[in-house]
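Below you will find one chain, with nothing else, as structure tokens; this is the form predicted alone, and questions on how it binds or moves follow later.
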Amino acid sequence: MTAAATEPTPEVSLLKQYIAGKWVDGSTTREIVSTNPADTRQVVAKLKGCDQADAVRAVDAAEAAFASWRAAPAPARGRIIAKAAAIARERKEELARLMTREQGKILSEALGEMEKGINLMEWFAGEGMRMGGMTQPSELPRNLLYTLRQPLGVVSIITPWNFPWAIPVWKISPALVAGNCVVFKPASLVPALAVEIVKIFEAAGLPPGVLNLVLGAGSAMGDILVSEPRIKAVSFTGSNEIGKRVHTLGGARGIKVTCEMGGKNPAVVWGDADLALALGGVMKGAFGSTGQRCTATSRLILDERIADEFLKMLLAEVKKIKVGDGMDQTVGMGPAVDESQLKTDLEYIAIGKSEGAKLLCGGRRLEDADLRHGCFVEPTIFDGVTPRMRLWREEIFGPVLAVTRAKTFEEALALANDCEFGLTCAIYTQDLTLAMRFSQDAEAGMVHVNSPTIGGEAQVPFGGIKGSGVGEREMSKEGLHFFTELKTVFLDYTGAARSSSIY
């Protein structure tokens, strides 16, 4: 374990909201303070949060900008996104370092997240050239049947703290390319990076009012970003509790809502697997980003024939993980995002012990030297976890891995599916038949064969089933289609030809 890296502390940023193309203070008297989770003595940013009136003003601005933005050709909208991607690439290192200071993930992971977000922006920029419909033959003579996609209007985008760059840009970019105007509300733990996202779009030439930023606690803004009558769609990523409320409120209004929520993702390592490959995948999936991702590997199902051998390998690797400040390039795992998440991690570790699971490693808060000023917990593994235990069923969002064993493939598949969530899963095997059966029968929106449960690519859909998500998928064309209405046009040009004839 390591002490926090010593670097000069940057000046504290005093943040503002962005409404109608202007940077303005929020109206609440409550000051929101963003601190470095690796050393909570370091303040990253301060701001006055928004209230309901601020949120309504943001909707006003978006509504006022919609007509002209909608009228801009889709390729022109795409070129602004492309320019934003280019600006982000120039600032990649700087923004990754800000991400590490504000959110806590190690610098290499922050750089990876920056690259992923830029790739997504580039993909959606190209969709400005491809946002077409289709034509189909009509049963009638001299009739043209075609479809087109049109923007919805004002949309709200609500994002979490764990991917403070990639998730906002993979929602904002398709919304803008489709011709919508956006009210963006990020998690209050990561306001500084959200401000930089908006500055990038502003520098790329986005007109005033097309993208608006409201910062602060969701409780202060109430349900405005879902219930305001002019909001035509909501894209949300976050907890199941809040996601279900967003879906309920949006559904009551009959608007489009997509909610990407929790995960309790299983990885199966079967007896014929390449164990070294599986080891690397489980390590990345379980302990990368301090386990703070919806796609994290939080359940491990081992073929009992190789279980002891694999756990021996796994424990040896986990002991090599250096925990500390992500700015230190020798560190392999950063802090929990804040004291609240750290408390949750420790509470679940205590629950695992009380339920009778066998603690193989970890389980402690780290408070040696400068680590005592941060939110650090050891990477933790429990063996002998059963499906009745809360460790197996509930999302922790921390570096806590629950392990069980299976005698048959059918048992392993049943264990993988025995969960209310269904975001992603993985299997490690050299048996093509088992891999195909798992891909077919696993109850998840995404399946990985011989690769970690984490990850996604711009050109394919991202999302889950069961308790992991409702509404349309994100990324790829599905991510763009969510922000559009599909219109079918029936054009009978027989009469038009007759009426225009001079003969």
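Owing to the predicted nature of the structure, the values given are computational and were not obtained by experimental measurement. In this text, residue numbers run from 1 along the sequence as written.
Keep in mind that the form predicted together with nicotinamide-adenine-dinucleotide (NAD) is not shown, yet the notes after this line are about it.
J.: Does any heavy atom of T433 come within 4.5 Å of a heavy atom of nicotinamide-adenine-dinucleotide (NAD) in the model of the complex?
T.: Answer no; every heavy atom of T433 is more than 4.5 Å from nicotinamide-adenine-dinucleotide (NAD) in the model of the complex.
J.: Test of understanding: in the model of the complex, would R299 fall inside 4.5 Å of nicotinamide-adenine-dinucleotide (NAD) by heavy atoms?
T.: Looking in the model of the complex, residue contacts with nicotinamide-adenine-dinucleotide (NAD) do not include R299, since no heavy atom lies within 4.5 Å.
J.: May I ask you to state whether G334 is within 4.5 Å of nicotinamide-adenine-dinucleotide (NAD) in the model of the complex, using heavy atom distances?
T.: Although nicotinamide-adenine-dinucleotide (NAD) is absent here, G334 would stay clear of it in the model of the complex, with no heavy atoms inside 4.5 Å.
J.: Can you tell me whether S289 touches nicotinamide-adenine-dinucleotide (NAD)? I mean in the model of the complex, with a 4.5 angstroms heavy atom cut-off.
T.: Result no; S289 lies far from nicotinamide-adenine-dinucleotide (NAD) in the model of the complex.
J.: Does the trio Y348, W392 and R405 actually contact nicotinamide-adenine-dinucleotide (NAD) in the model of the complex, every residue with a heavy atom within 4.5 Å?
T.: Spot residues vs nicotinamide-adenine-dinucleotide (NAD): no contact at all.
J.: Using a 4.5 Å cut on heavy atoms, which of L314, I158, M131, C419 is close to nicotinamide-adenine-dinucleotide (NAD) in the model of the complex?
T.: So the residue touching nicotinamide-adenine-dinucleotide (NAD) in the model of the complex, by this definition, is I158.
J.: Could you check which residue among G250, G209, G263, G362 gets a heavy atom within 4.5 Å of nicotinamide-adenine-dinucleotide (NAD) in the model of the complex?
T.: Flagged contact: G263.
J.: Counting only non-hydrogen atoms, which stretch in 367-375, 317-325, 221-229, 192-200 is within 4.5 Å of nicotinamide-adenine-dinucleotide (NAD) in the model of the complex?
T.: After filtering at 4.5 Å, what remains is 221-229.
J.: Looking at nicotinamide-adenine-dinucleotide (NAD) in the model of the complex, which residues in 231-264 have at least one heavy atom within 4.5 Å of it?
T.: Contacting residues: F236, T237, G238, S239, I242, R245, V246, E260, M261, G262, G263.
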